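Consider the single chain below, provided in structure tokens and representing the form predicted alone.
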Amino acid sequence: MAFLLSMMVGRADDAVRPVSSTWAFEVGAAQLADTYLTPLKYNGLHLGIGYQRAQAMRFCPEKWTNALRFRMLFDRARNHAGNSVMYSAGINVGWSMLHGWRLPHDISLRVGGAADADLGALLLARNSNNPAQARASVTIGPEVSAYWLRKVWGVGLTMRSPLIGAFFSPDYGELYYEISLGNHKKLVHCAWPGSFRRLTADLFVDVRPAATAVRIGYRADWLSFSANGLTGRSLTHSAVIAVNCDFLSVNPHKNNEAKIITAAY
């Protein structure tokens, strides 16, 4: 048994696991709604930048990969009358662990779990008592991705949706000044599909002549939640332009014929 374990560890250590890094810029349309600020829907511009770092795991590189991602988001939207502007800004940090399968016709499928933390705020300057609303959540849920590579062309799809977690919401009509004085009841709520729903989907095409790929895609991000008689919603559709690169650390003591296992495809 010890001999078999040592052989398995040896094969994992001998594998070369390049880091797959993706830098992305997204631009599109946003729809914002939050009844703490206003019952109206606001529509406008969505912008975002992001980074993702993915790599095959050391213990079983051919089957398991992990990814760390970071996004900065900004929205500027107007009401239907055009006389009021709402701003939204936030950051998202996430981590995923996926198990992969190699399917026929050069298709790879990965299924696993994802954890996400979001922090942001909405601003409606025309309000006097309640001009801003904070948004914060920590969730975990499933993630599914698929990738098809044929010569220099690649097509990918990724979907994530939370199942459980926690999110912040003040009480109906509660001022943030009251919260600062110590009124902390009913601020943190359980995030489950009945109170907190989100779906993030990416569809993209790669032009990959070598280890570097130019990526063009579409991203949809839908969020809806309700608590304390309040509801919130955010829907964005955006075009994504990205660059994906594989970075390889060269170790002169490793076997030059070691198998290269990438997390990108």
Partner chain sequence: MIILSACHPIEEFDTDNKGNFDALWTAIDNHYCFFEEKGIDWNEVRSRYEPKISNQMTRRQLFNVCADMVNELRDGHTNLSSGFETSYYRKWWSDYPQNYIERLIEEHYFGFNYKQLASVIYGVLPEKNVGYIHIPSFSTGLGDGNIDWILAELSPCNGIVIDIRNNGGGNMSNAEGWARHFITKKTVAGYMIHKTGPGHDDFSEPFEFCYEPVSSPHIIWTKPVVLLTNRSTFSAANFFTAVMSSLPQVIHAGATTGGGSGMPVSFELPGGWAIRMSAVSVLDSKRRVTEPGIAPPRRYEVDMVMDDVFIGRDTMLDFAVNLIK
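Note that the coordinates shown come from a computational prediction; the quantities given were computed from them, not determined experimentally. Numbering follows the first chain given and starts at 1.
Although it is not shown, the form predicted in complex with the partner chain is what the next lines describe.
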Flag Leu175 as yes or no: does it have a non-hydrogen atom within 4.5 angstroms of any non-hydrogen atom of the partner chain in the predicted complex?
yes
If we define contact as a non-hydrogen atom of the residue within 4.5 angstroms of the partner, is His80 a contact of the partner chain in the predicted complex?
yes
Though only this chain appears here, would Arg126 touch the partner chain in the predicted complex if you measure heavy atom gaps against 4.5 Å?
yes
How about Thr38: is it within 4.5 Å of the partner chain in the predicted complex, going by heavy atoms?
yes
Exactly one of Leu235, Leu47, Ala54, Val240 has a non-hydrogen atom within 4.5 Å of the partner chain in the predicted complex; which residue is it?
Leu235
Just to confirm, with a 4.5 Å cut-off on non-hydrogen atoms, which of Ser108, Asn130, Asn92, Ser161 contacts the partner chain in the predicted complex?
Asn130
Given the stretches 118-126, 136-144, 92-100, 150-158, which is the single one in contact with the partner chain in the predicted complex, using a heavy atom cutoff of 4.5 Å?
118-126
If we check the partner chain in the predicted complex, which of the residues in 188-208 reach within 4.5 angstroms of it by a non-hydrogen atom?
Gly194, Ser195, Phe196, Arg197
